[in-house]
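Let's start with one chain on its own, the form predicted on its own, as structure tokens.
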């Protein structure tokens, strides 16, 4: 558990996961997050297994056996723990940090998490995803939409997974 401060909705920007793209140069995945108003995006590079887990949640693909994020969701459901929201809370040296807010019997708890795990859990539990205005301002890159368009048009071996 963490002592991360509580944020009001005025302090936050609602995000949706737009897609997950394969970065074949680094064998990683790029999670493309979009503001809820669909005006701007930013990306987070994650490991291949985490990115694939996020993609499966986007596609509502059920594995034959529960994967780690499915197991965590099932634990929560079994014990009456609701995932309230996920917030991307900080970025340091291009590494993003997240907090998962959980509620059980009227008590809210915060857990520090990798953004990839927090996003994968949020998608499975239909919890909203947010970022702080500070993290939004400090996101990597300034022209990410143009970069993504160029990536798609160059067809340099990356593909949507």
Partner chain sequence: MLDSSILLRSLLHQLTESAVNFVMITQMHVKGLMFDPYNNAYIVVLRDEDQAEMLPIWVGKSEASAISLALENVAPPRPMTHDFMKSFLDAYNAKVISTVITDLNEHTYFAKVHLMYEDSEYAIDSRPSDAIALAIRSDAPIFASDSVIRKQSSEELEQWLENLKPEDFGKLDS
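Predicted model only: the values in this text are computed from it and were never measured. Residue numbers count along the first chain shown, from 1.
A second form of this protein, the form predicted in complex with the partner chain, is not displayed here; the remarks below concern that form.
Peer 1: Please tell me whether the candidate spot formed by 51, 136 and 139 is one where all three residues come within 4.5 Å of the partner chain in the predicted complex (heavy atoms).
Peer 2: No, because 51, 136 and 139 lack any heavy atom that approaches the partner chain to within 4.5 Å in the predicted complex.
Peer 1: Can you tell me whether residue 104 touches the partner chain? I mean in the predicted complex, with a 4.5 angstroms heavy atom cut-off.
Peer 2: Output for residue 104 is yes: heavy atoms within 4.5 Å of the partner chain.
Peer 1: Taking 4.5 angstroms as the cut-off for heavy atoms, does residue 40 touch the partner chain in the predicted complex?
Peer 2: Outside the cut-off, so no.
Peer 1: Would residue 111 count as a contact of the partner chain in the predicted complex, using a 4.5 angstroms cut-off between non-hydrogen atoms?
Peer 2: Answer yes; at least one heavy atom of residue 111 falls within 4.5 Å of the partner chain in the predicted complex.
Peer 1: Although the partner chain is absent from this view, report whether residue 45 comes within 4.5 Å of it in the predicted complex, heavy atoms only.
Peer 2: No, residue 45 is distant from the partner.
Peer 1: Which residue, 58, 127, 67, 32, is the contact with the partner chain in the predicted complex, using a 4.5 Å heavy atom cutoff?
Peer 2: If I apply the 4.5 Å criterion carefully, the residue I get is 67.
Peer 1: Only counting heavy atoms and a 4.5 Å limit, does any residue of 68-84 reach the partner chain in the predicted complex, and if so which ones?
Peer 2: Contacting residues: 68, 69, 71, 72, 74, 75, 76, 78, 79, 81, 83.
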